[in-house]
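This document opens with one chain alone, in structure tokens, the form predicted on its own.
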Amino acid sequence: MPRMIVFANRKGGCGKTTTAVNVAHALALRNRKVLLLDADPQAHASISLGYPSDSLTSGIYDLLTGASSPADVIIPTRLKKLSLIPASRHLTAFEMDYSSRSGCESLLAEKLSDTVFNDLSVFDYLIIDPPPTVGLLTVSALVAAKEVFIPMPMHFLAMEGLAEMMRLIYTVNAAWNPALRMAGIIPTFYNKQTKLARELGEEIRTNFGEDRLLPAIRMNVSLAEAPGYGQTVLEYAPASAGAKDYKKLALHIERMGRV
């Protein structure tokens, strides 16, 4: 089975999808086979790879509801070694229809299990991008994953969001997934010149340990522009600070798996 990773934060605007997409591509560039699973009804990860949600015939919604087989929902992207299970806006209906059903939190994990999803064994990484909410889809992603990375803007209110995210991880760990662990916090929109960014970095080190503070992603306009062209930043602006930062982050995450 691949390393099962989720990039999650219950607050939007933290760089979660940008991180999931660009880490996935950076790992693929390192000759790792990566499957990116877009579990967000907004389908921003799919759009960032050039797949508008209204152009897709099947995806994670069809897998979860049993309408499509696992083999039918994997799309080989134009990027070598990077495949996608796309999202669609139908996921909103899934969350509404299934939230009251018993055991639905484990449905995604069951669909991705090695006994059901034999094709998954060919991948080195499965990266899940859930919505920025505390709903069924986010909980399901945490139940299915083994490692949680939390992208976090370096401003004061984000610390409250981090505390809420940690409470959610503890809840999922206790109720459904004892193997789940918080693997690291990724500073996003980072500006090392600001006093607040330095202070928050120290607070994270104090509360979680030095090894849980991962390489930062600097503020960079290319990161905001790239999705508009259906590209990762490593395609759109390979020499940019954003591309360099995500290559560094991907290397760090890869090395963590060797420990």
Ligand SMILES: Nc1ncnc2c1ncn2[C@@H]1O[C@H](COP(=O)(O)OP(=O)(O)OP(=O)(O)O)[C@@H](O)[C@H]1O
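Quick note: we count residues from 1 along the sequence shown, nothing fancier. Since the structure is predicted, the reported quantities are computational estimates derived from the model, not experimental observations.
The protein also exists as the form predicted together with the named molecule; that form is not presented, and the subsequent description refers to it.
- Contact with the named molecule in the predicted complex, judged by any heavy atom within 4.5 Å, is made by just one of Leu213, Leu29, Ala197, Met219: Met219.
- Although the partner is absent from this view, Gln42 contacts the named molecule in the predicted complex, with a non-hydrogen atom inside 4.5 angstroms.
- By the criterion of a heavy atom within 4.5 Å, His25 is excluded from the residues contacting the named molecule in the predicted complex.
- When contacts are judged by a 4.5 Å heavy atom cut-off, Pro132 counts as touching the named molecule in the predicted complex.
- Mapping the unseen interface onto this chain, Ala224 counts among the residues with a heavy atom inside 4.5 Å of the named molecule in the predicted complex.
- Contacts between stretch 189-211 and the named molecule, counted in the predicted complex as any heavy atom lying within 4.5 Å, involve Phe189 alone.
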